[in-house]
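Next up: just one chain, as structure tokens, the form predicted on its own.
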């Protein structure tokens, strides 16, 4: 039986990206700025195929930027006049997104498409194509398999590429993906041998994820331990409240809103914020999370208790960024492994 999938030689990836550039703004893994992130395709550099494991800054930044202008305004004797910017309607294609980050966007969708539909986020999200690239060399800090996923999970991408040696197997997942694959001039039909190689690659990648986390009844354990101050103080002891774990997390979405006004005109911006910061919940009369342990508790419980209560999914994909990029080696998996069964 012939395969419905296709394959493409790795040497032709640059040509493929140039083809897609005719229709989309294409983003690929890049470290030109010194930090690995998704950057605009320059038309020639495919070296990321050799060094890319995952970006430091997740592809979330392409849809929920660290800072985003919401509108302009002018002030005169009659008051304020607001000018809304046109919603971002350009089509973008993110090439090489890892399954953990694609799954993270699906989680963010639940927040920004809930009772209030966020037009800034959704305008970008609805105009984004995700080309997944199976992860063949996960970090030892990755734990996606503990959360029901895998390094080659194709659930939330449009096209999925799997490394099978000198070529990539291409699998269409969505209707958008099928349309894209049908128009790839450089692709060939995949054979049974190619499918077998892809299966082996998927199994090998899955087995490379050695960090394990037992999430059974984790929400109940966190609820029972919510008032266990001794536990949370112990967990928070070495945290320095720098916010790296939240600002780089692909599922964190908290933001602050500020106005800039100069000589009668200005703009309103929203920028990513972190519940790790002491001023995050500060109000004129109080700060309900003045102590560090309360902020750490909120960070952990939001992902593994509060978010599941609202959306029936854990707001963590096991990407491991918060582990490998923490300056004091704070580890979410170690934290959850020792949650007391009761206070």
Partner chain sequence: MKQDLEWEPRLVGFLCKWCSYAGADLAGTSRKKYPANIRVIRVPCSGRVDPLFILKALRLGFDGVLVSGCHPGDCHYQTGNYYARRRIAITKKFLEYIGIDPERIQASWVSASEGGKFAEVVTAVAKGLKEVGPNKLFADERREHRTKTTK
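Residue numbers count along the first chain shown, from 1. In this text, all values refer to a predicted model and were calculated from it rather than measured experimentally.
Just so it is clear, the following notes concern the form predicted together with the partner chain, a form of the same protein that is not shown.
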Contact assignment for the partner chain in the predicted complex, among 226, 120, 253, 269, heavy atom within 4.5 Å: 269
Residue among 146, 126, 265, 113 with a heavy atom within 4.5 Å of the partner chain in the predicted complex: 265
Location of the partner chain contact in the predicted complex, chosen stretch of 65-73, 307-315, 40-48, 22-30 [non-hydrogen atom, 4.5 Å]: 65-73
Proximity of residue 175 to the partner chain in the predicted complex, heavy atoms at 4.5 Å: no
Distance check, residue 83 to the partner chain in the predicted complex, heavy atom within 4.5 Å: yes
Any non-hydrogen atom of residue 260 within 4.5 angstroms of the partner chain in the predicted complex: yes
